[in-house]
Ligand code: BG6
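Quick heads-up: it's one chain on its own, the form predicted on its own, in structure tokens.
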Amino acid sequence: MDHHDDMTLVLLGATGDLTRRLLFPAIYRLYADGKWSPKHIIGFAKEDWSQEKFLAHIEENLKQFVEPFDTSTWKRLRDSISYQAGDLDAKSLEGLKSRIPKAAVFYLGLPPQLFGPAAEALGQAGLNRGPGWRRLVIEKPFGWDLPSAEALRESIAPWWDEDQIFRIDHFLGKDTAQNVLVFRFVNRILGSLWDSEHIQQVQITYAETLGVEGRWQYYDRAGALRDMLQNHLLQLFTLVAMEPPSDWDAADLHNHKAEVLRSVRRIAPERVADFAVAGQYGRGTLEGKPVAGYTDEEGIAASSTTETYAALKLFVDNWRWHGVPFYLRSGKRMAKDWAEIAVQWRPVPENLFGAGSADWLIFRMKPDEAIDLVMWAKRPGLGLYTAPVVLTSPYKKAGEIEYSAYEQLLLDVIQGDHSAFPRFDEVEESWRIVDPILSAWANLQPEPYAAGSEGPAAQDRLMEPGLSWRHLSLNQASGHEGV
């Protein structure tokens, strides 16, 4: 990867939260592990800071977010970092030209409303074209709904080609997401079982015990459907449902993912309540401590109709998935930090050895990353009685280095690998799926649920007959309970 080392990484919004919490810790870890030796990192922001103040700010945050922090490693890394203050306009940005000798990545660590203006200003300053390749990294959300996503694309398109644009979805940088594809397509045993004849349902859950944690200005406008489902969970859904690609090629992967999203049954505006549930947490208890309700949080109006929990039921109208419900849900202030993709096979006949329950294949993301296969075997002792057995395989063994999604994604951008970055047609189709729900929920009061609970009671109405949500309190030893 040495031929990528002399590229320049420009971080726009370099004094912001994303840069200090996620980007610089990822850069530091890549450098410390010898994965990338950056020569030029330029922080660009409107704050009128000296270079010394910027470096002291980064160091202070690295000490907080990186374990272990090594002073000598930081001293070597800091030599490649500089700071430039300026406005987000072509005139200010032109000042970067002389400092970028060859290839460059421009990372927009900015508020969403500035993505379009920043991409345009970089183009007007001529930074979108060489010498060397030029790439633009955009954080989510890509738009606020379908019309705004298309408007954002139209403001960027005159300056940046689709193959220069990398839309970050950090869920796709996680080992779990990549393992869904590897596990599905490399193990022949699963290939013939991965369809509606054998699979009864799929549940994708991302539950957090956290509340809004100071992000209220963004979150109260966004809500759970925009913040989590439209991007992260729909992307995980495409990995479960897509057809096998013929090649491990980015364009091929994107084609198959977009095809799945296009196959999702449209939700008619008058039927939104049958396919989607919104909830908002009220006061409750978490780990034995009382917790404030959403409308008690700082900055949140008592009349807020923002959902902090969203659940969807989707059907994929193609041959492989005909009639199989896919359930996606995410919520804040839930009973447990729990994230998983759970695939349930159809049950065997009830009278066979008394086993009426079905097997599950579970890709766990939180609290730890592992694959669980829940199956049935004979109980020890007299008589043919069955009991569940859980075959589990952790991804990470003791002593193995743990990387965040941002390390993986930064390397992918530097190498020009688009595999883990949604293409615009995927973004567009995702908005098409959720737009009718957003419209229906615009003035709807979400159903309350107690902080520390499993979510609103109304979520149960989404379940097809005989199915129920998996409990958040499951662990690998009891992966079969309550399902």
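Here the structure is a predicted model, which is why all the values come from computation and not from measurement. All residue numbers refer to positions in the sequence shown, first residue = 1.
From this point on, the text means the form predicted together with the ligand, which you will not see here.
> In the predicted bound form, does Leu384 have a heavy atom within 4.5 Å of the ligand?
Residue-level check for Leu384: no, no contact with the ligand.
> So in the predicted bound form, does Phe171 come within 4.5 Å of the ligand, heavy atom to heavy atom?
Residue-level check for Phe171: yes, a contact with the ligand.
> Would Trp376 count as touching the ligand in the predicted bound form under a 4.5 Å heavy atom rule?
Looking in the predicted bound form, residue contacts with the ligand do not include Trp376, since no heavy atom lies within 4.5 Å.
> Is Arg184 close enough to touch the ligand in the predicted bound form, meaning at least one heavy atom pair within 4.5 Å?
No, Arg184 stays farther than 4.5 Å from the ligand in the predicted bound form.
> Only one of Trp159, Tyr83, Phe326, Tyr206 comes within 4.5 Å of the ligand in the predicted bound form by heavy atoms, so just point that one out.
None of the others qualify; the residue that does is Tyr206.
> Among Lys366, Arg153, Arg78, Lys102, which has at least one heavy atom within 4.5 Å of the ligand in the predicted bound form?
Residue within 4.5 Å of the partner: Lys366.
> Hey, of 208 to 216, 258 to 266, 274 to 282, 237 to 245, which bit sits against the ligand in the predicted bound form at 4.5 Å between non-hydrogen atoms?
In the other structure, the partner sits against 208 to 216.
> Kindly indicate whether Asp252, His418 and Arg423 are, all three, within 4.5 angstroms of the ligand in the predicted bound form, using heavy atoms.
No residue of the spot touches the ligand in the predicted bound form.
> May I ask you to list the residues of 122 to 141 that have any heavy atom within 4.5 angstroms of the ligand in the predicted bound form, in sequence order?
The stretch 122 to 141, when checked against the ligand in the predicted bound form, contributes only Lys140 at the 4.5 Å heavy-atom cut-off.
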